[in-house]
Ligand SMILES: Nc1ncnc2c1ncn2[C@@H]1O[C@H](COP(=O)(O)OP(=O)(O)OP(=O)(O)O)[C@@H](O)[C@H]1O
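Just one chain is shown here, as structure tokens, and it is the form predicted alone.
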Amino acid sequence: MKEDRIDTLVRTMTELQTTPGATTAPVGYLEISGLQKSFGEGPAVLADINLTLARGDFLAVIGPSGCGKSTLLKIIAGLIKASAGSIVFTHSGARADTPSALRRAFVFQDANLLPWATIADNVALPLRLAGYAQAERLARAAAMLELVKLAPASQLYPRELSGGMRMRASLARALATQPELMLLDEPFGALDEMTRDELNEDLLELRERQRWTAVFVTHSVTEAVFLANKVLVLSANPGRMHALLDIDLPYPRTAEMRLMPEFLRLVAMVTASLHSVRVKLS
């Protein structure tokens, strides 16, 4: 089982890898039209998803369990195919219907670090798969570990790190590919609230420095409101767009913002929207 998971990780990172000498053209926007997904002959998991993201948007996706949040994220990543509809990526004035047109990185719910490799080697893994020379990939890994405040742990192994530190390493590994689009599937869901809040703040600081577009799946309304400028609320059976809510809070966002009346009002608004979905399901 462990070997299967590692094989899956390596295949996924090979698909998401950057290419030496790749262009640095930024994402323009992401258009999703009439998206639907079913698995085999089963019922629809997603239906009628229509969404447009501008370059630099941070979209949080929330909804009840089983509404297709992770499935939507994997379709955007190109890891699975939609059953119907289209996704169009636009950058540098060109439009493409495949996510391979841009550099993207996927951060999983679990850090998925190779247990026999140091943290530095784990962060450098996608660069090794992409064919970068050892000196360059180690230099970039070191820079990313510095960026996520994990440089002192570079020669440690995953078992020697806390859960929060392992997620920092996972973020560093994703950032090493210099992505234009970050796709994050509940990366902080298993962490305690204090660590989660700290990593939310650090994630926004990283976004401010690197200017990527993000789609972030979460079950936490507070996390969604703190991170995102848009929150997509999905209903279930099948997953449909229940609401797309603007989070009109300025960036950069700080820990103190969580206590502001406007932040609490927005949390209440998103919570009410999510609650209305659950009422319909009951």
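Just so it is clear, the model here is predicted, and its values are computed rather than measured. For every residue, the number given is its place in the sequence shown, counted from 1.
Unshown form predicted in complex with the ligand; subsequent notes refer to it.
- Within this chain, Phe39 lines the site of the ligand in the predicted complex, having a heavy atom no more than 4.5 Å away.
- Interface membership of Thr71, defined by any non-hydrogen atom within 4.5 Å of the ligand in the predicted complex, is confirmed.
- Among residues of the shown chain, Asp121 is not one whose heavy atoms approach the ligand to within 4.5 Å in the predicted complex.
- With a 4.5 Å cutoff on heavy atoms, Glu201 does not count as touching the ligand in the predicted complex; it lies far away.
- Taken together, Arg103, Ala176 and Pro179 are entirely out of contact with the ligand in the predicted complex: none brings a heavy atom within 4.5 Å.
- Heavy atoms within 4.5 Å of the ligand in the predicted complex are found in one stretch of 223 to 231, 48 to 56, 61 to 69, 246 to 254, which is 61 to 69.
- Residue Glu186 is the only one in 168 to 188 with at least one heavy atom within 4.5 Å of the ligand in the predicted complex.
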